[in-house]
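Starting off, we have a lone chain in the form predicted on its own, written out as structure tokens.
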Amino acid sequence: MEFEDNVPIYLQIVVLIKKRIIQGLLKPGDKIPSVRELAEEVKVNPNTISRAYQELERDKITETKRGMGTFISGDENMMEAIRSEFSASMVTRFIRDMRETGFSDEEILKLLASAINTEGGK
């Protein structure tokens, strides 16, 4: 995994877990990799993974069961909240970048409509 220099690695790990939830790779009740397993997978210090897991638990995305591991929260609304958070962030970033490049809102809408039609709504 490649990490961005301008965002703390533990936050990028949080995003990684959230993406896995959105993609359906992790579902409510699923056990997530141990700190050591994920640290080996993404090649970072286990303390960084621990910090990411603490953040996920603080946000009630995961829950730790003593002696059993860390699991995705059983809250069904959580997945939709994460999807909404991600989509809003991506759309906002895209619009900001397009405007900074000099595109008008009308041009942005036309480009999006064209891209969606070209992709066939995939």
Partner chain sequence: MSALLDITNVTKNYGLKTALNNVTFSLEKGRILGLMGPNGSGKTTLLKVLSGVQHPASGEVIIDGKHVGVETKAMVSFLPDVNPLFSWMKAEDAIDFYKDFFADFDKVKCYELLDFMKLNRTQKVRSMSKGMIEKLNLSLVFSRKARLFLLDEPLGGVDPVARERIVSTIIKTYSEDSSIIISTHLVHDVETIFDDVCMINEGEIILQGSAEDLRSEHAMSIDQLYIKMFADKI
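In this text, all values refer to a predicted model and were calculated from it rather than measured experimentally. Residue numbers count along the first chain shown, from 1.
In what follows, reference is made to the form predicted together with its partner chain, a form of this protein that is not presented.
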Residue within 4.5 Å of its partner chain in the model of the complex by heavy atom, from 47, 92, 64, 34, is 47
Verify the contact flag for residue 40: yes if a non-hydrogen atom of it lies within 4.5 Å of a non-hydrogen atom of its partner chain in the model of the complex, no if not. yes
Decide whether residue 10 counts as a contact residue for its partner chain in the model of the complex under a heavy atom distance cut-off of 4.5 Å. yes
Taking 4.5 angstroms as the cut-off for heavy atoms, does residue 119 touch its partner chain in the model of the complex? no
Its partner chain isn't shown here, but in the model of the complex, which of 22-30, 73-81, 47-55, 92-100 has heavy atoms within 4.5 Å of it? 47-55
